[in-house]
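Starting off, we have a lone chain in the form predicted on its own, written out as structure tokens.
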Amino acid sequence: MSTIDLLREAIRAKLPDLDMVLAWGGDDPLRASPLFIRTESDLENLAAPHLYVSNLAVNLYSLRSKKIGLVVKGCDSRSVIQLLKEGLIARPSLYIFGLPCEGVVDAAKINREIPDAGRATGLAVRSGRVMVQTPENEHILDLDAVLADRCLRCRYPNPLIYDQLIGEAIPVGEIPDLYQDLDEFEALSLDARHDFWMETMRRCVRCYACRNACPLCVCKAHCVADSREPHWLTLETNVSQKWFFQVLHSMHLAGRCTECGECERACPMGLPILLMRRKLNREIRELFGYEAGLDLMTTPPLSTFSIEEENIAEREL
């Protein structure tokens, strides 16, 4: 049986015990949307695994009163673990279908490679190639050329938490350089980095799509961007206020961000805001030896206290 058939049968068997199952579906050959499965007939709308781009964990906090089934890839499972560690969702109310992932395609990259991709009628992935069918042609692309950026540095192709694994686990290959892009950015002068972010912030429209797409940003109703007591931010759209919001947002996610990339994917202006989160993640990793969403037993370093940190020579400062 194919992966999608195995997933369909697993969900069908468990569906009577759940209020709904969150998966991916739709009839767009290049993109899948969140699919809320409540009846067996909804299973016919499941999309192909290479389209499972979005992180469905963003829905869990708002549905925490329900008995939910959730399909997760490796990167998604890290968000689930982090939500559980922070007590934002409860494990008994969640049934997890783990799905080993060979990578998901980025529709924007396909559109750049194929001029008529908007008219695509089908997509298939075989042997490291992506076949995109349009009314006139079949286009063949290298899978690596159109994978989502996060897939190119993925270390966890298999879910880290699940109740049922769909198919076989994927062997983990060579660990990629996680922060090569960050090293290249930090090699720039201080002035060049400042100019980069100021120019980036000029393009920001303060739509808060980055915040709304983040699985860990559960306090949207009390966000500093909207709060008037205390009044942290104005409603002005100048560069300083946009920059202030993005810095606050990144600090709010320090030690919590799982680098799922949803903030950057949701941004209508294509801003490289994940770079900020990744900078803080590297600092947390180097100072505290901690990465978000890897296991349920460790305590996030910013949620605890030590008189003296091993990697911070406080007495020598």
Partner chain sequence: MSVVDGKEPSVKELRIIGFLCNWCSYGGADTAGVSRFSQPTDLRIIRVPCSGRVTPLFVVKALMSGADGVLVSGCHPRDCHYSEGNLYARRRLEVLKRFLPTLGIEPERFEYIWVSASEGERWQTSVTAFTERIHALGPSPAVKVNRYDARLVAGGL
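Here the structure is a predicted model, which means the values were calculated and not measured. Residue numbers count along the first chain shown, from 1.
Below, we turn to the form predicted together with the partner chain, even though it does not appear here.
- Between 108 to 116, 183 to 191, 152 to 160, 79 to 87, the stretch whose residues reach within 4.5 angstroms of the partner chain in the predicted complex through a non-hydrogen atom is 183 to 191.
- Taking non-hydrogen atoms only, Y208 never approaches the partner chain to within 4.5 angstroms in the predicted complex.
- For the chain shown alone, V239 is a contact residue for the partner chain in the predicted complex, at least one non-hydrogen atom being within 4.5 angstroms.
- Of the heavy atoms in L287, some are within 4.5 Å of the partner chain in the predicted complex.
- Among residues of the shown chain, A13 is not one whose heavy atoms approach the partner chain to within 4.5 Å in the predicted complex.
- Residues E199, W243 and E309 are all found to lie within 4.5 Å of the partner chain in the predicted complex, as judged by heavy atom distances.
- Residue V247 is the only one of A169, V247, C219, V172 with a heavy atom lying within 4.5 Å of the partner chain in the predicted complex.
- Screening R31, H50, H252, R265 for any heavy atom within 4.5 Å of the partner chain in the predicted complex leaves a single hit, H252.
- Looking at 272 to 304, the residues that come within 4.5 Å of the partner chain in the predicted complex, counting any heavy atom, are M276, K279, L280, E283, I284, E286, L287, F288, P301, L302, S303, T304.
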